[in-house]
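The data below hold one chain only, encoded as structure tokens and taken in the form predicted on its own.
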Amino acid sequence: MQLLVLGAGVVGLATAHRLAAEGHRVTVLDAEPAVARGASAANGAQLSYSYVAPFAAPGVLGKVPGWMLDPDGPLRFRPEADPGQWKWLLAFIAACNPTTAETTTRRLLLLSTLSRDLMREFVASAPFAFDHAPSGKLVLQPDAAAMEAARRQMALQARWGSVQQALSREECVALEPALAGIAPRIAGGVFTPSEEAGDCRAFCEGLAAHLARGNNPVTFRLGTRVRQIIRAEGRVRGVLTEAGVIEAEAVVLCLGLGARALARPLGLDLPIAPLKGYSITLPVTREEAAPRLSVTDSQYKIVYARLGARLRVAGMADLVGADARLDERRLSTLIRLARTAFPAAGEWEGPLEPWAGLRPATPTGLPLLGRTPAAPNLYLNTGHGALGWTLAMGSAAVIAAEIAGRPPPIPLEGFRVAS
């Protein structure tokens, strides 16, 4: 079957990989001149297979005012005249309850476990390196109340197979000695040994090169902007680009935020909003002063991941519209907090490769997967938020099963877009 995959980020490339492996003729289109130039370019680098609790969770709404008033807070909101923003916010608020959060967690764990198994299978024979490290992940908690909430989440996730350990402050520092400097503000933490890290952009570049020269080569048409998905007689026939029409037997929409504009003329109102995040990448000069584990600071919502001789620091969730420009104040906050945590890890005055990107997030945290009501041969694989790197391989397997007419590898209730 001749298939078009729209989007050359990690989700689109994983989809192309899976579809080509099943014998389809695949073309990947993206407006950018190279792969991984959107949210995949410099993300948090964590492959967080077990720690997938949604942002829309009980207790979050009570924290929002404090976060908004704190200049170092992890969340920033800029209201806009866009009705879609307010619709998304209302749906997010509605999802902040125990029942929805528990259901979302269970569904995400099913998808992330599938993704983990497929990723490990791929890594075992991957013909390229991307600083992959199965180091485990330590989530730090600032006080007793936060630690108790983390224990409740652990108990919930244990019901679906997650293996995690609750650690005291002393145990956290013993496991990751680089935390000694901030030990006084750590009440404890949760360690998940199954978690991994890797350079998502390097993975995308390596995978794209691998796909282009495989036994069933994938065609890449980069620097090609898709203007419209063409539908006739109830089926998608291809896409209209700046270079003309490209026909296909099916189309998979993996464009993240760009999916909304292309889907809207087909009657699909995709509940995706841009959550802006930031990152820096620091060359490590003192091994003992930089974390070897993936570390998440739950107080400031900052993640740290080792990428070989570099340390990736990422954080923030700014709902400020489709604005991917670097905000110097937010970057300064990220650098200051990271430098306070690991002051001797590297030269903080040197080049830190600052980056900002827009993560395509749904109100519940569940990505949009599978066949759409707009046409039986139009498929969605978008809206992964901060978990695109984590969920890419599993999401690709879902799409491949849908296209082949096989039962999906996980139940798709909650993942399909509403008609």
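It should be emphasised that the depicted structure is a prediction, and the values quoted were computed from it without experimental measurement. All residue numbers are counted from 1 along the displayed sequence.
Same protein, other form: the form predicted together with a small molecule, not shown, and the subject of what follows.
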Original post:
Want to guess which of 345 to 353, 75 to 83, 248 to 256, 319 to 327 is within 4.5 Å of the small molecule in the model of the complex, heavy atoms only?
Top reply: 248 to 256
Original post:
Is the small molecule in the model of the complex near all of Ala16, Ala126 and Leu380, within 4.5 Å of a heavy atom of each?
Top reply: no
**OP:** Mark Asp70 yes when one of its heavy atoms lies within 4.5 Å of a heavy atom of the small molecule in the model of the complex, and no otherwise.
**Re:** no
Original post:
Using 4.5 Å between non-hydrogen atoms, is Gly365 touching the small molecule in the model of the complex?
Top reply: no
Original post:
Do Gly357 and the small molecule share at least one heavy atom pair within 4.5 Å in the model of the complex?
Top reply: yes
Original post:
Is there a heavy atom of Thr104 no more than 4.5 Å from a heavy atom of the small molecule in the model of the complex?
Top reply: no
**OP:** Tell me, out of Ala314, Met119, Leu138, Leu108, which residue has a non-hydrogen atom within 4.5 angstroms of the small molecule in the model of the complex.
**Re:** Ala314
